[in-house]
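Next comes just one chain, in structure tokens: the form predicted alone.
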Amino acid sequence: MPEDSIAHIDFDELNRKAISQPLVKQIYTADPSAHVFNGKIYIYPSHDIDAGDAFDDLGSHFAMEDYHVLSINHPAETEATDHGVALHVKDVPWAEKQLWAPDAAEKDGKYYLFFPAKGYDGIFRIGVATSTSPIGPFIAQPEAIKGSFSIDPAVFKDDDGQYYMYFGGIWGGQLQRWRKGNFNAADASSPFAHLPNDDESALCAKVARLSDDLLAFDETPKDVVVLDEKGLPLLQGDNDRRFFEASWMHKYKGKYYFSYSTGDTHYLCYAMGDDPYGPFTYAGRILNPVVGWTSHHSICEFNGKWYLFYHDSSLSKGVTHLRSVKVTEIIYNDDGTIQTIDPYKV
């Protein structure tokens, strides 16, 4: 939501109308990745810290230097436990700054934290850190994942035990700079350089199967193609439906649901398919726009119900778009489609 729109919001009234409240209030958290480990919900968000810079489309106003792990025993809880710093950028040998949206996974009693960060060359890559506990502390691998790039890793475990990473984000997430296979540093100050034209196929998120130890890609990343109702790839100019960032994958009744943010138009959308690689057919919106610049989410099952974890800027009252993590239930229709959620009551 643009800065001039936020300036005219009555935040007290907005918070009364909000369908859910922030899970933590002592810090600002965003981009929540929620997982059930050992019967408890653990949430892996990014940590919004005001850098004191003016708002821009590259995210320079956020000094995101560490990760906290949150937990709740049930989605109905109104306050999460903050387990403190699980990983700090100073403990990641290859990373200089900007620990953006992370994700986590568990395998054989070991926990993995996947995260994007900018290296000392100014390029986003994706790293992994490990722990014996879901709350950390996490120990980072000495190098980023070979062949990784861009932002927003989301790791999905399929029913056969195979793990896949979905990732990518345009504008400040640099995905558009990799269109030819190598990083294009030209016009580095512009988030709009190297984007496709509006009448060209939209940039796609990426997916790669992970190695058995979850520390590397087991293949070259592939495009996650989202099709329209005619079976054609969505176009870059289709801003209300095309992928921007914030990939997530979940499975419901045998169908794969690829969900994502449209970024500058502020929708959380989803597409359905029969294979973890897709293609996926656009199916609708999960969440209408929240107060704050963009949306980022996860979807988690708990005790037979499904929940959307998301964020907005209601707690900070829009200051520099500092965000807070929230949760609400999602409802499926009989045909498998998801009922669109309005984040504020009319």
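Fair warning: this is a prediction, and the values are worked out from it, not measured in the lab. Note that residue numbering follows the sequence shown and begins at 1.
In what follows, reference is made to the form predicted in complex with beta-L-arabinofuranose (FUB), a form of this protein that is not presented.
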Is there a heavy atom of L113 no more than 4.5 Å from a heavy atom of beta-L-arabinofuranose (FUB) in the model of the complex?
-> no
Going by a heavy atom distance of 4.5 Å, is D103 a contact of beta-L-arabinofuranose (FUB) in the model of the complex?
-> no
Contact of L268 with beta-L-arabinofuranose (FUB) in the model of the complex (heavy atom, 4.5 Å) = no
A246 within 4.5 Å of beta-L-arabinofuranose (FUB) in the model of the complex, heavy atoms = yes
Among V226, I151, A205, A154, which has at least one heavy atom within 4.5 Å of beta-L-arabinofuranose (FUB) in the model of the complex?
-> I151
Where, among 289-297, 302-310, 34-42, 273-281, do residues come within 4.5 Å of beta-L-arabinofuranose (FUB) in the model of the complex by heavy atom distance?
-> 289-297
Are there residues in 210-229 with a heavy atom within 4.5 Å of beta-L-arabinofuranose (FUB) in the model of the complex, and which are they, in order?
-> none
